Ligand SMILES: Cc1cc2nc3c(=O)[nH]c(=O)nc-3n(C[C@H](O)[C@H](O)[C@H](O)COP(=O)(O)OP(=O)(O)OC[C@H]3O[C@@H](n4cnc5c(N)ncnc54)[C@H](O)[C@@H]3O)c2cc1C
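Shown below, as C-alpha cells, is a lone chain in the form predicted on its own; questions about how it binds or moves come after it.
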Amino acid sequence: MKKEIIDMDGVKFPVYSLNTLIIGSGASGLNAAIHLWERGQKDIAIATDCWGGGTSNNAGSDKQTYYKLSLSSESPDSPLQMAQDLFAGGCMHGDIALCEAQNSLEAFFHLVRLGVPFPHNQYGAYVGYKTDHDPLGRGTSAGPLTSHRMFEALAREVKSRGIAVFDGCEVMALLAENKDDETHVIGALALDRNNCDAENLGFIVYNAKNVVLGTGGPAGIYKASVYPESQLGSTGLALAIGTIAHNLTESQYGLASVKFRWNLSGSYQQVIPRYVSTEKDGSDLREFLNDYFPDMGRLATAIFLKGYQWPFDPRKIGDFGSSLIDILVYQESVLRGRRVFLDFTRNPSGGGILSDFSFDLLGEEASQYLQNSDALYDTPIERLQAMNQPAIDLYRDHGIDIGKESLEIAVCAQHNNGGLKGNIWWESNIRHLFPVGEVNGTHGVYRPGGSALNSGQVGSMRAAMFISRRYSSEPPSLNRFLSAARAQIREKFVFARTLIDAKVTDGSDIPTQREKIQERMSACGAHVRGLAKVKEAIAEGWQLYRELQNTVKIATPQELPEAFKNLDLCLTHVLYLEAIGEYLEKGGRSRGSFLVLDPEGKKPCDQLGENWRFGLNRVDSFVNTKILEISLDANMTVRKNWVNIRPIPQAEVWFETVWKNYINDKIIK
C-alpha cells in the first residue's frame, strides 16, 4: 500500500493506493482479507467505522447456528442435496445455492483451523442438529455467540498477519468510472472520524483495484430491530453507483428482547415462558394470549414451537400456529400501545375457558423434546437451566437476571435475505466490486437457519479466490486514478462543506431524520404490509432524500459522518420500499416473513378483527417464479427488472475434464 498526498483547490488529501480495499470488519470482511493474504495478495487493507462493531461480533441467539454439509448424520448427504434444499426456499439462484453447498465444508474447516470451538465427539465427528427449513442435521453451533467466536478467531488471524486496518474510518462513497459500457469501481472516499475538524474535513481517498464490501445488513433503516445498535449498514454506497440489488422484499422478522437486543428463539421459547402485557406504567398485567387460543394445550405448544419456527412466517399463523403469537405481540405493543414481556418465573396460567399449564396438555413433539432434554421441571427458568444455562448467563452478563426480571419484547427486524446481487464469485454488476456477507442478497424467500454464516464465509472466500487469480495487478497510477476520480472527490468535498453552517446553534436534525427513516420502514416495510401505505411511504422517502441533499445543515464537522450515513440509509430504505411496492403491484401476497393485508383474505383467527385478513401466494404466482432486480441509473431513475430464477447447474464432474480445465487455469472465470 502506497500513501501519497494530493492538493485539490488548495486542500491536501491523503491517497492510499492498493490492490484491494475491504470495507467492514465483520466475519465476512475479515475472512476475505485472510483468504487474500493466504493466496498471496498482501496489498490489502480493511476500512471500518468501528472495529468489531458489526453484527458478527455482537449478535447471536440461544444457540446460534452455522449451517453446512452434514458430517455425522446417519442420513446420507451431498452438496447437490444441500443445494436443492437451499434452492427450495424459493427465489434463490441455483448456481449460488450450489456454490454455498459445495464450498461449505472448506469454509467450515477454515474456521475450525483458526480455532472456532465447534463441537465434535471422540471419533472426530462434528455432530449436528436440525434447524428450521432443514431436512437433515446440518446445523452446528459454538453456543449462543457463534458469530462472535468466529469474529474473535478471524480478528486474531488478521492481526497476526499484520493486515492494515483503518479504524474509525467511515466510508461514505464509492468511486467509479465507465469503461467499455461497463461501470468499474476504482476506489472509495472515507471520513476519519477523529480528524473531521481538519481543513480537509478528515477526507481519506482510496485508489483501489478492487473493493470488497462487507458492511452487513441495512439495520439502520428499522426502528424495531434486534441488530446491535452499532450495526447500521452501508448498502447505499453501492446503490448510489448503480449496483443491482435483488430480493429486497425478503427480510426476516422475529421476537426479540429490546432492553438488550437479542433473538428469543430456540430454548428461550421451548421452555414455554409466560407472555404478559401491561400498560406503559406497568399496571394492568394480563396474559393476553389467553384471549385468542381455545385451550392451554394449543397455546403452550405454539409457544414451544416458536423455538423451532422462530422467524415470523405467515404460513404458520392459521390453526393457532406459532406465528399467531407474533401478530398478537405486534397488536398488543404497536397498535394498542402496551408493553409486552416474557416471564420465565411462572408457567402460562389459565382463566376463563383455559386450564392451567400442564405437561400432559402439550403436543407430542413438545412433550417428547422436553422429556428427552430432561427438562420436565416446574418453571420455565428451571427448564432453561436444565437445557441451556449459557442462555441465562448471556442475559446476566448484560445486567439482566431472567430468573427475577421479565424481558420486554417486540417483533423486530433480524436478518436481510435480499441485498446486492453477485455472480458465483460474488462480483456485482459493477466490475471489481464484491459484496460479501449479509449485504449480498444470496438468500431467497426461506432459508435454513444458520445458512447466512455459511454464505458469508463461502462468498468472501470465493471473492478472494477470484481477486487473487484474475484481479491481482497493481492499482492504476495516481495520475490515471485522479483523471477518473477527481471530479467525484471534489463534488463530495464541496457538498460536505455546504452541509456545515455555524448558524445552526440548537443542534442538527440528524436524529430526527434518522427516526423518520426508521419509523417509516418499520411501519410500512416490515412484517405487516399494505400497498396504499407503501406508495405513500415511497413518496415521503424520496422527499426526505431530496431534503437531505439540498436543505439539511449541521453545526460542526464532527457531525459529517452521521449526515452522510443518513443519506445512505435514506436511499437504502427508499429502494427497499420501491421493491416492496413493485412486488405488491404485481399481485404479491404474504410469503416469507411478511404479511400482506388483504380484505378478500382469511382472518388469522376468529378473535382478531377484519383488518387482519390476508392471503398466501400461489406456488406458481408470477412473483414466486421470478426474482425482482432493482437499481438506479445515472439519472437516479429506478430500474426494476423481473428475471428468471437460474436453476441448479449440471456441473462437470468427469475427473479428467475437470483436471484438464484446472491445470489450464480455466476454472476461475
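Each residue number is its position in the shown sequence, starting from 1. Everything quoted here is computed from the prediction, not taken from an experiment.
One more form of this protein, predicted together with this ligand, exists but is not displayed; see below.
Put simply, residue 64 is close to this ligand in the predicted complex: some heavy atom of it is within 4.5 Å. In the predicted complex, this ligand sits beyond 4.5 Å of every heavy atom of residue 326.
Although the partner is absent here, residue 33 sits far enough away that none of its heavy atoms falls within 4.5 Å of this ligand in the predicted complex. Under a 4.5 angstroms non-hydrogen atom cutoff, this ligand in the predicted complex has residue 23 among its neighbouring residues.
Site residues 243, 417 and 563 are none of them in contact with this ligand in the predicted complex, judged by any heavy atom within 4.5 Å.
This chain lacks the partner; the member of 254, 314, 475, 450 within 4.5 angstroms of this ligand in the predicted complex by a non-hydrogen atom is 450. Only one segment in the set 298-306, 408-416, 552-560, 75-83 has residues whose heavy atoms sit within 4.5 Å of this ligand in the predicted complex; it is 408-416. Applying a 4.5 Å heavy atom cutoff to this ligand in the predicted complex picks out 47, 48, 49, 50, 53, 54, 55, 56, 59, 60, 61, 64, 65 from 40-68, in order along the sequence.
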